[in-house]
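Before any questions on binding or motion, here is one chain by itself as structure tokens, the form predicted on its own.
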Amino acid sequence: MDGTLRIDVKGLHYKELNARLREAANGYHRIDLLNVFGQRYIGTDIRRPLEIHIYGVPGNDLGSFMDGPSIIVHGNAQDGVGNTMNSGEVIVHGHAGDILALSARGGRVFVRDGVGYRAGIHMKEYQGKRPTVVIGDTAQDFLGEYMGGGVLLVLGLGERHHARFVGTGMHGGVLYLRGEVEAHQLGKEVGVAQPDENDRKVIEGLVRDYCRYFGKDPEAILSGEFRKLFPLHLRPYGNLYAY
């Protein structure tokens, strides 16, 4: 059996919803979840290509430990989207909450609007996998905190960047910001540079994907000014350890 399955999950406990989702994942290419209202862990433990459309607001840890599916959220998402995600993609047609892509080690997350605190915290790279996060608007404080790998692109399409402690403890990966950011907003562990030719290729590819998902104009976004934030040290807190 293949095709699309529609499941009305109104009132379902998150454990029952996810049990039904895992069972259906073996027989369909696309599953639409209707009337989602805060159910957690949607997509967790699914390890095969599958398109999951969510209508409503999913709960915390959407796509956590996910390995393969694509999740499209037709609305906002809560905290912990892509928590420790291994592969796959999450596309949010709205805002997302705190700790977006916490410890993600692969896959991609696109958020049309803004996100909360500590987006990209502790992202890492793992056996050739490189997590990627694109945020359309801006983020709250501690963006890219303790980031150890991957790509984090923040487009600043709405309000001016006001996050503080950006890149605090960053020791790997790269963070691109479109628009103005002041030196006092940055962590001491990051440097700032103009994107080089390779950086521009990465930025352009991600901007075009973002615009394809959300119906935006890539040329208008790419005409803006971008900055590259990079880690100054691989082990910024090494002197705190006794060994």
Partner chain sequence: MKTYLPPRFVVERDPDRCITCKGCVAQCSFGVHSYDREEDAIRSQDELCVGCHRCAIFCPTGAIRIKRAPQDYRPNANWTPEAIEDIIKQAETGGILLTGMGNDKPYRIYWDHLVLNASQVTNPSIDPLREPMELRTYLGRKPDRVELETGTLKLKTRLAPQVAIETPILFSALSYGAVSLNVHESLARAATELGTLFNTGEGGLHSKLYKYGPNTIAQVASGRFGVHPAYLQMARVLEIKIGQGAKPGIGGHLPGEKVSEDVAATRMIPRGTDALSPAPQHDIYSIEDLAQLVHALKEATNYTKPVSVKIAAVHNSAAIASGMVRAGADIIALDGLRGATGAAPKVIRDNVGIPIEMALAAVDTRLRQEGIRQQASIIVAGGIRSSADVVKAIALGADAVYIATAALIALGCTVCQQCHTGKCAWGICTTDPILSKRVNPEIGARRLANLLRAWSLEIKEMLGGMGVNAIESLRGNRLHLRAVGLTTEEMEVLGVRPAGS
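Residue numbers count along the first chain shown, from 1. All values derive from a computational prediction rather than experimental measurement.
Same protein, other form: the form predicted together with its partner chain, not shown, and the subject of what follows.
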Query raised in the report: Judged by heavy atoms and a 4.5 Å cut-off, are 40, 99 and 124 together in contact with its partner chain in the predicted bound form?
Result: yes
Report summary line: Given 108-116, 156-164, 78-86, 133-141, the stretch touching its partner chain in the predicted bound form at heavy atoms within 4.5 Å is 78-86
Query raised in the report: Can you pick the one in 208, 47, 30, 200 that has a heavy atom within 4.5 Å of its partner chain in the predicted bound form?
Result: 47
**Report entry** Exercise: residue 67 in contact with its partner chain in the predicted bound form, heavy atom 4.5 Å
**Finding:** yes
Query raised in the report: in the predicted bound form, does residue 15 have a heavy atom within 4.5 Å of its partner chain?
Result: yes
Requested in this report: Using the partner position in the predicted bound form, report whether residue 22 sits within 4.5 Å of its partner chain, counting heavy atoms only.
Outcome: yes
Query raised in the report: Does residue 220 reach its partner chain in the predicted bound form, with heavy atoms at most 4.5 Å apart?
Result: no
Requested in this report: Go through 138-175 residue by residue and record those having a heavy atom within 4.5 Å of its partner chain in the predicted bound form; state none if no residue qualifies.
Outcome: 145, 146, 148, 169, 171
